[in-house]
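Quick setup: one chain, the form predicted alone, written in structure tokens, and binding and motion questions come after.
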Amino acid sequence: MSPKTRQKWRNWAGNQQATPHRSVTPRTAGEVTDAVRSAADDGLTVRMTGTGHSFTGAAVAEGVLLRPTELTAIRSVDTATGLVTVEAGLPLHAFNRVLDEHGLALANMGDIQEQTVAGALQTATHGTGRDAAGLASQVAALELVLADGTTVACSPDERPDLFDAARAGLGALGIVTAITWKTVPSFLLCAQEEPMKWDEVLARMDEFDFANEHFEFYWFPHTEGCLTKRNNRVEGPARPLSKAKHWLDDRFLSNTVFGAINRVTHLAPVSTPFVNGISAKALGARTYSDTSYKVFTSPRTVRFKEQEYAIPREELVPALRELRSLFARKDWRVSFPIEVRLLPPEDAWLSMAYGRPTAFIAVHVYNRDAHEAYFRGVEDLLTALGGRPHWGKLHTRDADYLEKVYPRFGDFQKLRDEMDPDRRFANPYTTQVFGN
């Protein structure tokens, strides 16, 4: 574990960067402890980054940056109980393959698998689901290195408050070094993807939510076009997309062509409504079945910036109608579709779905496009409904706002004062969202 000094770090979207005092690549939890204690001796803060897929400054390190690329061991796999313990830096795509080899799977996932397991967990990555919730609800135990350099374990039975707080803790309570996951037997998902008009999707929202294990849809701004996605468990055999169809739809059209479209609309924003109309009309229906993680996740090579808010489920349809009306009143030219997902209540204190059935509305822009006016307008709409911002996606909310929408926010702050009084794990983003 040899430290390196003044190495620039940049996130995936390119909108966050930092040049920490030093970078360290620990190989064990013990080396994380050494790094935290060394940082304390030097009066430096410590942050562990993942793969940089947060758009906020959650992973920005000003003092010591811990890179978890060597902290990737599979510590244990128990196929009888489904409990699997892995180290923090293991990427989700590698974790999914390991689980599949043992006949196991995560019950629900987000739509990419490039993040580290700890990075995805700490920002409350969620996916969409009627019964199965996000990653924070699929954890049985955590191992953390605290600000004083000690290593602790927490679970529902051992330090339960720390467990409920740290599952979505943004690294503000301690450095997560290992996670014990509650997995399920591996399963196949049948994906039914179907273009549909805006009015029909909104009229049938409750029907789709009730009838499907996983439902989401995308709306193409400036058009009537939506793409609905319904994923449900099926018995085998799998009927995956052919290699040619996968390449055409998910690699070429969804990434190569979509990237070219965004380069065009970046240079000529006035063309966006016309281009979106073509994109919406070009969508085709398809049905296939495959291993669950291959259906949950898709490749994403076009770089973008994103904002996502979680609102009470009952507010979803009125919020979407008002959001669409904003496009009629504002001079927005947005080439990226708007994504809508659903989730049952969760119990991790800072899960965006804490304590209530939740709908998520995510807005994106090409990473080279300005986002401020668009994101601010959407944020104003959704915060008026008690919206909770995704911790890893762009927003302007601070502690004064967040304590009003999270029932256990004050408890989190008190625990942070106890666990990290010197703010060893602080950075500008944690200061924004939790206060000093």
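Residue positions are given as counts along the sequence shown, with the first one as 1. Since we're looking at a predicted model, the values are computed, not measured.
One more form of this protein, predicted together with a small molecule, exists but is not displayed; see below.
Within 4.5 Å of the small molecule in the predicted bound form, a heavy atom is found for not a single one of Leu106, Ala133 and Thr183.
Residue in contact with the small molecule in the predicted bound form (any heavy atom within 4.5 Å), chosen from Ala88, Ala359, Leu142, Leu350: Ala88. Exactly one listed residue, out of Arg300, His93, Lys330, Arg204, brings a non-hydrogen atom to within 4.5 Å of the small molecule in the predicted bound form: Arg300. From the list 121-129, 230-238, 93-101, 312-320, the contact stretch for the small molecule in the predicted bound form under a 4.5 Å heavy atom rule is 121-129. Contact between Phe304 and the small molecule in the predicted bound form is found at the 4.5 Å heavy atom cutoff.
Contact check for Ala58: a heavy atom falls within 4.5 Å of the small molecule in the predicted bound form. Contact annotation for Arg388: none of its heavy atoms lies within 4.5 Å of the small molecule in the predicted bound form. In the predicted bound form, the small molecule stays beyond 4.5 Å of every heavy atom belonging to Gly277.
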